[in-house]
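Okay, here we've got a single chain as structure tokens, the form predicted alone, with questions on binding and movement later.
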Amino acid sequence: MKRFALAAALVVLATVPLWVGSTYYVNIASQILFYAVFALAVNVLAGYAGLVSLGHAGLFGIAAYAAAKIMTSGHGHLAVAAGALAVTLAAAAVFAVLALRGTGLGFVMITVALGQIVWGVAYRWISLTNGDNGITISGRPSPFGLSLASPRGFYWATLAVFLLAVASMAVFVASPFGASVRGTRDQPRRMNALGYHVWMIRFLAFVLSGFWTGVAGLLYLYYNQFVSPQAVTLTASAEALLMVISGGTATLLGPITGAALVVVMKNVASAYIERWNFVLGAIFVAIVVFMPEGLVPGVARLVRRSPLR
């Protein structure tokens, strides 16, 4: 049944541009996919490592800004992607070294501060980031001769990256490294007593999270063909964390579900509901009250208890 469900999900995702009539909704589907990659990256820390970050929008924005600057300097898309990811990995390493000086609330506050520093640079360093006016790029790449200029083409390219991200996360969860990351979350003192380098494990988890955050930021830039300080606000970090928490931490499907919920509410429900923020808040409260483990684990629990099962 699991293999059948996986195959059906892949068929549905691959054919979205064919059965969704409007290009607007194809674009919404693309947004769901790259925000799901972002949420999966945050989940590495918040779910598996037990480290809640409220500064990941900073890394997300660093990737987008780095790619935009490299592209406007006249370099090709391959150099843009490689350069942006290299800069993001370096920034993630710096973030990790600073943030891992604290745990619990201290870790949260350091990541908030780091994210706000990035926002301040994006907003105030006008000669580098163009301030509120942001940076506009000229177009999207054409990998292997396939143009991504159309909504359909960009969706399929984003889907390929999304599937790669999910596969890498599945490998991470099943690997000894993933088990050691969960060990540092549940029993850090015991892990240390057993000879594991807890700090290094957390550092590598942070860098892995930063890599996929950078990939999501790169997709965000190519989707909008524009980046501004709005991409690195504290609200953006909070939204990514809410995607993880609402869907279910330490699960693969949870962050994806949470990303779909937030993106649909922001872009679809907002067209019909004036106070959509209130509705989204009410949904989050209901999830916390009735399914504190998140939507995906909560629904699975209800299915297991169902008398029709």
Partner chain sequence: MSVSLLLAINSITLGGLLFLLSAGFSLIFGLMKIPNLTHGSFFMLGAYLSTTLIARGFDFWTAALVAGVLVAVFGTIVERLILRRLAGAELAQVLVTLGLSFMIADVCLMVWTGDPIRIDTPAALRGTTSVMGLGFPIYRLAVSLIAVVFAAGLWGLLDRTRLGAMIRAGVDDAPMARVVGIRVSRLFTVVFGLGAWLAGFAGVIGGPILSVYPGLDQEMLPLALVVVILGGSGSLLGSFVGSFVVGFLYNFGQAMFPELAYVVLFLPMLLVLVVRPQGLFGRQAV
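For clarity, a rigid core is taken as the largest C-alpha set superposing within 1.5 Å between two forms. Note that this is a predicted model, so its numbers are computed, not measured. Positions refer to the first chain, counted from 1.
Heads up, the form predicted in complex with the partner chain isn't pictured, but that's what we're talking about next.
The candidate site formed by 74, 153 and 161 is entirely out of contact with the partner chain in the predicted bound form, as no residue has a non-hydrogen atom within 4.5 angstroms of it. The closest heavy atom approach of residue 288 to the partner chain in the predicted bound form falls within 4.5 Å. Taking non-hydrogen atoms only, residue 256 never approaches the partner chain to within 4.5 angstroms in the predicted bound form.
For the chain shown alone, residue 241 is a contact residue for the partner chain in the predicted bound form, at least one non-hydrogen atom being within 4.5 angstroms.
Proximity of residue 57 to the partner chain in the predicted bound form: non-hydrogen atoms within 4.5 Å are absent; the residue sits far from the partner.
With the partner omitted here, the stretch from 83 to 91, 153 to 161, 116 to 124, 210 to 218 that lies within 4.5 Å of the partner chain by heavy atoms in the predicted bound form is 116 to 124. Proximity to the partner chain in the predicted bound form, defined as a heavy atom within 4.5 Å, singles out one entry of 105, 200, 78, 146, which is 105. Shown without its partner, the chain has 98, 101, 104, 105, 108, 109, 110, 112, 113 in segment 74 to 113 as residues with a non-hydrogen atom within 4.5 angstroms of the partner chain in the predicted bound form. Relative to the superposed core, residue 13 undergoes a C-alpha shift smaller than 2 Å between the shown form and the other one.
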